[in-house]
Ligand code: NAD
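Only one chain is included here, represented as structure tokens and corresponding to the form predicted alone.
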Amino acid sequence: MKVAFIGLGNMGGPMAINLVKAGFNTSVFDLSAQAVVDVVEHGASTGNSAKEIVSDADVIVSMLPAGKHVEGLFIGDDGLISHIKTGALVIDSSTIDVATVRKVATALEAHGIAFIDAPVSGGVGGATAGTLSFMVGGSAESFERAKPLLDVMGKNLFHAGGHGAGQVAKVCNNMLLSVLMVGTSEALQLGIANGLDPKVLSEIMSKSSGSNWTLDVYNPCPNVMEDVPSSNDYQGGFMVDLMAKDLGLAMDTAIASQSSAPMGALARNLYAMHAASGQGGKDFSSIFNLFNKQD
């Protein structure tokens, strides 16, 4: 099986390396020459363009920043759609809007090219360790075809439904994650403002009904846990800018289905405000600082 991987950023690079390590014949491309070199050093091949590496690929994996990039790459002017062979499978792991997913899927499948949306959860650490969660939208047949690759890059594979279902699952998950992070930060800062030790308070809540993933695994208060971004000046992890983007997608999804999401809307506004204050490059747990009591 020949695999072409396009988009070698913080997530895509480690994902591609895991495919190489597993023995897949993998060719890679990115606009960053250094990103390509980093993966080629692990045994991947490359080409002069995305068109070149997809021409004989059985599977194409893409990990790009936004819907406009995915649409442009595959079905834009001189897009890859005319260079991918009939019968190939496209796995797009970008986090993008549902409308773009369905537009790209329809166009590709009209040309005999299978497509699934397969956004991920698990961050850079999960991408590196090969323990990502994949939320997949597309046909059951395409999901089965993708499994050998997804099994190498991830630990938990979910077939959420038809095209776009993976993206809906992803934004629902991240909306809940953001609400939990905001609530956990609020509670910890309230305790600190009233003289409590955040380590003691974290343990109390972790063993009580307030227990949740952001508190127990990814604590936002510095020096409560080791090896989390909050104890490293909020470096690494999942950036505020990316959380704000995903919450924007969640709100678009809510509007499209006329769903009520007041907590998600509030979290989106808080993260947008946090990003606008110059914190966009920090880990999303840095929202903790937004609730810091000012004397």
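All residue numbers are counted from 1 along the displayed sequence. Predicted model, so just to flag it, every value in this text is computed and none were measured.
Beyond what is shown, the protein has a form predicted in complex with the named molecule; the following relates to that form.
*Asks:* May I ask whether G47, S55 and A88 each come within 4.5 Å of the named molecule in the model of the complex, counting any non-hydrogen atom?
*Replies:* Verified in the model of the complex; spot residues all out of contact, no.
*Asks:* So which of 90-98, 142-150, 206-214, 182-190 is the stretch with heavy atoms within 4.5 Å of the named molecule in the model of the complex?
*Replies:* Among the listed stretches, the partner-contacting one is 90-98.
*Asks:* Spell out, yes or no, whether the shortest heavy atom distance between G9 and the named molecule in the model of the complex is within 4.5 Å.
*Replies:* Yes, contact at 4.5 Å.
*Asks:* Using 4.5 Å between non-hydrogen atoms, is K245 touching the named molecule in the model of the complex?
*Replies:* So K245 counts as contacting the named molecule.
*Asks:* Mark G43 yes when one of its heavy atoms lies within 4.5 Å of a heavy atom of the named molecule in the model of the complex, and no otherwise.
*Replies:* G43: no contact with the named molecule in the model of the complex.
*Asks:* At the 4.5 Å heavy atom threshold, is L64 in contact with the named molecule in the model of the complex?
*Replies:* Judged by the heavy-atom cut-off of 4.5 Å, L64 is in contact with the named molecule in the model of the complex.
*Asks:* Ok, L73, L108, V168, V136: which has a heavy atom sitting within 4.5 Å of the named molecule in the model of the complex?
*Replies:* Only one listed residue qualifies here, and that residue is L73.
*Asks:* Just one of L266, V37, L31, I255 has a heavy atom within 4.5 Å of the named molecule in the model of the complex. Which one?
*Replies:* Exactly one residue meets the criterion: L31.
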